[in-house]
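Take a look at this one chain, the form predicted alone, written out in structure tokens.
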Amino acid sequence: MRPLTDQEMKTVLDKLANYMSDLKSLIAPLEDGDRYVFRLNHSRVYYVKLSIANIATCVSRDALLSLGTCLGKMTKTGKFRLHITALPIIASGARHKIWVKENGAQPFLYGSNVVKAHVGRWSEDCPEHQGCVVYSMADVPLGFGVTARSTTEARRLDPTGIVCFRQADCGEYLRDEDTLFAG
């Protein structure tokens, strides 16, 4: 497990900035003097307290399977892909949100995109191709995606028009359980 390089940190923070409004809260010191850091192990990026990361240094890289919250994976080309395991962190500081009705939650959790007929409400002034978090009407985060249209354009769409392209949803825990945490 090692700290991210400057280029890797820039890539990760750029991806998170697409979904979150305040990145300073991710790396700000906590009240007890500790802070959260990003660590890389087997091409996976983890978000973990510094004190726990320091304790984990006594475990060899091959023996260490996971530590903290897995945010995503660095690809071989240097890009960063967010995993569904990052949803609690992204949802806590989400800039743009879409709430889906009960009849739209199940298709979303099965891997479908969000269509206008399933949208209960959404954040105002959401631009096109911007990261957003998808919630149920009970304010439970279900996943995240990228808006297909801006809010004003989406209002004029027909009911079967796609409003949000799915990136990840909670159904991945079941569909991809073999590969989600595998190295």
Partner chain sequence: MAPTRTIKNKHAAPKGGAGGGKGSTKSSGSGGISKSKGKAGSKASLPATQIKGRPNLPGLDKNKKKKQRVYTEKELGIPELNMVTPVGVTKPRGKKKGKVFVDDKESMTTILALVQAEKEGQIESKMMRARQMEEIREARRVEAEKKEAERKAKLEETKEALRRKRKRTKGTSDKEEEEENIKAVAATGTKAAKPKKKRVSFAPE
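Owing to the predicted nature of the structure, the values given are computational and were not obtained by experimental measurement. Positions refer to the first chain, counted from 1.
Another form, the form predicted together with the partner chain, is not on view; read the next lines as being about it.
- Only one of the listed residues (Ala138, Ile27, Leu65, Ile55) places a non-hydrogen atom within 4.5 angstroms of the partner chain in the predicted bound form, and that residue is Ile27.
- Comment: the partner chain is not present in this chain, but in the predicted bound form one of Leu157, Val37, Ala117, Ala148 has a heavy atom within 4.5 Å of it, namely Val37.
- At a distance threshold of 4.5 angstroms between non-hydrogen atoms, Leu13 is in contact with the partner chain in the predicted bound form.
- Although the partner is absent from this view, Arg95 contacts the partner chain in the predicted bound form, with a non-hydrogen atom inside 4.5 angstroms.
- When the partner chain is considered in the predicted bound form, Asp32 lies well away from it, no heavy atom lying within 4.5 Å.
- In the predicted bound form, Leu174 stays away from the partner chain, with no heavy atom inside 4.5 Å.
- Of all the residues from 1-22, those having a non-hydrogen atom no more than 4.5 Å from the partner chain in the predicted bound form are Arg2, Pro3, Leu4, Thr5, Asp6, Met9, Lys10, Leu13, Asp14, Ala17, Asn18, Ser21, Asp22.
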